[in-house]
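The form predicted on its own is given below as one chain in structure tokens.
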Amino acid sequence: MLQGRFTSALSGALIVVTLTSCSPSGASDRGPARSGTAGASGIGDADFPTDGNGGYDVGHYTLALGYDPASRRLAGTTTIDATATENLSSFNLDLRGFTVDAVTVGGRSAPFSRSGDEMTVTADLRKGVPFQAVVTYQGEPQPVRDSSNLGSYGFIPTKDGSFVTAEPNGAKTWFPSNDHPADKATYDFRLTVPDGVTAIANGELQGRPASSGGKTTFVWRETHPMASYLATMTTGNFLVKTGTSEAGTPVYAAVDPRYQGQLTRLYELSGRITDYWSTIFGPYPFKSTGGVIDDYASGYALENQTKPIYGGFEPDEGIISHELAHQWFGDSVSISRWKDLWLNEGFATYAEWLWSEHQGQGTVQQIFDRHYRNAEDPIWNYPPGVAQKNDLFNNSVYTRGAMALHALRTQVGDQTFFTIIRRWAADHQYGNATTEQFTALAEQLSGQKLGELFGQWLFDKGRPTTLG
């Protein structure tokens, strides 16, 4: 994500009802679970204690949803294929708002209750045994409006559709989920919108959209594991260009008509930058690349998996290079806890600097030096290795995180540094990782003790004196 800056580092049926939080008629026929414990209402992230849920692991989501921009009503069914990781008498899902009409587990009606953004489902589940939960729901999505530097995120209605950017915990604003990046899953999307509206999701479009009764259904599939905050259902009036990059990766670019002059540029840059990063970071981890420019002034861009989205502005090359670098760092290799966000943003910011150097617009060392000379920069008082919940997207996480990588590069040399980066992307591909794992890998491959360097750059206040 790029938060609040538009320059690179160089500068089904839609029914209106009253929301309820009670179980549907007949839900009690399953009866209470006879054994097991209640699944935790959080996945274990100390900074976001109510995000995600414990006791199960999701393997796949199937989202069959209809959205009407005129009424702003979303309705449909989310099917969750998961496996219990302990014996459970109940489990939780994250869901914000909506009327839940029915919940089934294993094909049988299941009792449920609602409290805030938590939905508790009663079910007797055995450790290691797969199960399927189906939730049917409807209502008007309620995006998160955060008073800190996050702004509005989640499912945001727009004049012609929806702008869906869910970092850090906005997936719950449009589908029931285990809403934390520690539980990644694959996805199928079946999205129905009025004729003339385009529905864009992650992965690849499956065949031609089908129209019937004044509605069009778009089917998308993401076959690689994805963090919930990277899922999107962006809808509206879009111009679309498709093809392949020079290296053969399929490219999907879409822009609101307001930005029609940017369509070819977005398409070409997305393909070219993806190809270049493949030579630096290792093979592109997904089946397609591209991007979306929507006419919604979000104040940020987000690295939605396979389709970064730019909210109401024309992205420069630095921003595009940043979001596409996230496909490796943040999307394929995902963080296990939000405190390690620098592993996403520091890496993507460093990629901006690499792209600048590649384009002859300033070397990485020059950019590093300019930031380091600014002794009064607030980043020196914010150690990026422990991102703060109330200031998650602080510039230190981006800039000082990137500087930590350059200090590492200076210390170990170019050959070892880029070997570390490529091994990091390969060893944790489609999984999750932590800062401790990264520092251990750096020490292993370099044969050096790097505790002082990482301590100063990631965990200590003050401007580091260890420059590599």
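Counting begins at 1, following the sequence as shown. Keep in mind that this is a model prediction, so the values were computed, not measured.
Beyond the structure shown, there is the form predicted in complex with arginine (ARG), which is absent from this document and is the topic of what follows.
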Non-hydrogen atom within 4.5 angstroms of arginine (ARG) in the predicted bound form for each of Y153, H322 and E345: yes
Based on heavy atom distances of 4.5 Å or less, which listed stretch (217-225, 353-361, 375-383, 322-330) is in contact with arginine (ARG) in the predicted bound form? 322-330
Ok, A254, L191, L302, I80: which has a heavy atom sitting within 4.5 Å of arginine (ARG) in the predicted bound form? L302
Which of F91, Y398, F163, F175 has a heavy atom within 4.5 Å of arginine (ARG) in the predicted bound form? Y398
Give a yes or no for F393: in the predicted bound form, does one of its heavy atoms lie within 4.5 Å of a heavy atom belonging to arginine (ARG)? yes
Does arginine (ARG) come within 4.5 Å of any heavy atom of D340 in the predicted bound form? no
4.5 Å heavy atom contact, D183 and arginine (ARG) in the predicted bound form: no
